[in-house]
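Take a look at this single chain, the form predicted on its own, given in structure tokens.
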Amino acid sequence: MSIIFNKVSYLYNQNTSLEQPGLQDVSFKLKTGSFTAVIGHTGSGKSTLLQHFNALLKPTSGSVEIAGFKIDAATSNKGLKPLRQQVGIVFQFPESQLFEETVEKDIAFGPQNFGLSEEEAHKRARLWLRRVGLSQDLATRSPFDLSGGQMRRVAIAGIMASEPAVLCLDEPAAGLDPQGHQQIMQLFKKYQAAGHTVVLITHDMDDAARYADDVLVMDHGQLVKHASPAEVFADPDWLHRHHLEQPATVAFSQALARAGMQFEHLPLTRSELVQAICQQVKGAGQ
């Protein structure tokens, strides 16, 4: 099922002297099974947008259609548990989501809360502990004794263990080393390939180019572009005006193009760039 935001606006501190807009007339439609990156400078509205996906925030005006629900200003908190089973959110700070006495209990909480037996929930927890790259030896440890990167992985496992149809992620690779970063991003891409929808907030333009097939660009609470990564990253001047950088591969590819190299399509990733260069070298040698 698709995800539809229809003219969604959100006001913080509504009807007070501190009232300020968080979102302004945001409309878009995401396809089921897509991998969407949400990018924008700090304070652009990315996290506010993400919290509308499972009704942690409700629109001041407009509506959100997701997982068979239609959320608007009049929506009650009652009956939202099935929505939150279908739409999982991993927030930016892992310590805010960890609370149980052991890692395994923390990961098992979601599946058990959504109806699995205690035995099945703990089986699911051990499965996802392994999938996020953590040792089973950590299962009986307190999550608060772990490193920041390990806490991040436990928080991710705790959401993914419920296997939501829509997985929303706010800077999920923060605190991970380069190898861990790549491993966890590949996990999300594999999750998409299994038929799920993934929504990723990121400041890493290379991640947006490498993993996403759809990009939302936010600026001052407004959606200023919804397009493919190739379209979003093709214009460095437009990106600069919206306080964004090009992915490193795109910038290097454009430098090569200015030096005379011709690309049929602008390479977004290192593998695409290597393939394009090899083709040109091979063509020049014939």
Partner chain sequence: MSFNLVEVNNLTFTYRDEKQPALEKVSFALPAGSWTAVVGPNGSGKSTLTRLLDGLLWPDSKHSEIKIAGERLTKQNVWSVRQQIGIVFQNPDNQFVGATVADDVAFGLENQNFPPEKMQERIEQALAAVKMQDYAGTEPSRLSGGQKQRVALAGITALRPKLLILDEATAMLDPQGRRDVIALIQQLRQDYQLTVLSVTHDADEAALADQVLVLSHGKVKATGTPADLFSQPDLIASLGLKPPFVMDLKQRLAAKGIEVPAEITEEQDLVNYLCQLSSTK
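Worth saying up front: this structure is predicted, and the values here are computed from it rather than measured. Numbering follows the first chain given and starts at 1.
What follows is about the form predicted together with the partner chain, which we do not show.
Can we say 74, 211 and 234 each have a non-hydrogen atom within 4.5 Å of the partner chain in the predicted bound form?
-> Negative, none of the three is within 4.5 Å.
Have a look at 65-73, 251-259, 223-231, 23-31 and name the one stretch with heavy atoms inside 4.5 Å of the partner chain in the predicted bound form.
-> Selected stretch: 251-259.
May I ask you to state whether residue 177 is within 4.5 Å of the partner chain in the predicted bound form, using heavy atom distances?
-> Residue 177: contacts the partner chain in the predicted bound form.
With heavy atoms only and a cut-off of 4.5 Å, decide whether residue 163 touches the partner chain in the predicted bound form.
-> No.
May I ask you to check whether residue 280 falls inside a 4.5 Å heavy atom distance of the partner chain in the predicted bound form?
-> Yes, residue 280 is a contact residue.
With the cut-off set at 4.5 Å between non-hydrogen atoms, does residue 11 touch the partner chain in the predicted bound form?
-> Close contact is absent here: in the predicted bound form, residue 11 is far from the partner chain, nothing within 4.5 Å, heavy atoms only.
For the stretch 206-241, which residues lie within 4.5 Å of the partner chain in the predicted bound form by non-hydrogen atom distance?
-> Read in sequence order, the lone residue that approaches the partner chain (within 4.5 Å, in the predicted bound form) is 206.
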